[in-house]
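The chain below stands alone, shown as structure tokens; this is the form predicted alone.
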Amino acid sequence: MERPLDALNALKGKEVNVLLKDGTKLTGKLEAFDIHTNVVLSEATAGSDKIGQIFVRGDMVTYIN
């Protein structure tokens, strides 16, 4: 990996955990992202709540793992 976004590219199509600035923890399959770390998750959940597909604005993301 040469660039930070290469790490996200390696996770495309895999399940990831996303922590938001407000403390919300999302889990879902990483479908897409951009240079602003905006992400699209499919099959997303927040705790026991099923969300489905969700777009998360990059400035709300604390981390993705």
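Keep in mind that this is a model prediction, so the values were computed, not measured. We number the residues from 1 along the sequence you see.
The same protein also exists as the form predicted together with another copy of the chain; that form is not shown, yet it is the one meant from here on.
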**Request:** May I ask you to check whether residue 38 falls inside a 4.5 Å heavy atom distance of another copy of the chain in the predicted complex?
**Result:** yes
**Message:** Under a 4.5 Å heavy atom criterion, is residue 56 part of the interface with another copy of the chain in the predicted complex?
**Reply:** yes
**Prompt:** Closest heavy atom of residue 20 to another copy of the chain in the predicted complex, within 4.5 Å or not?
**Reply:** yes
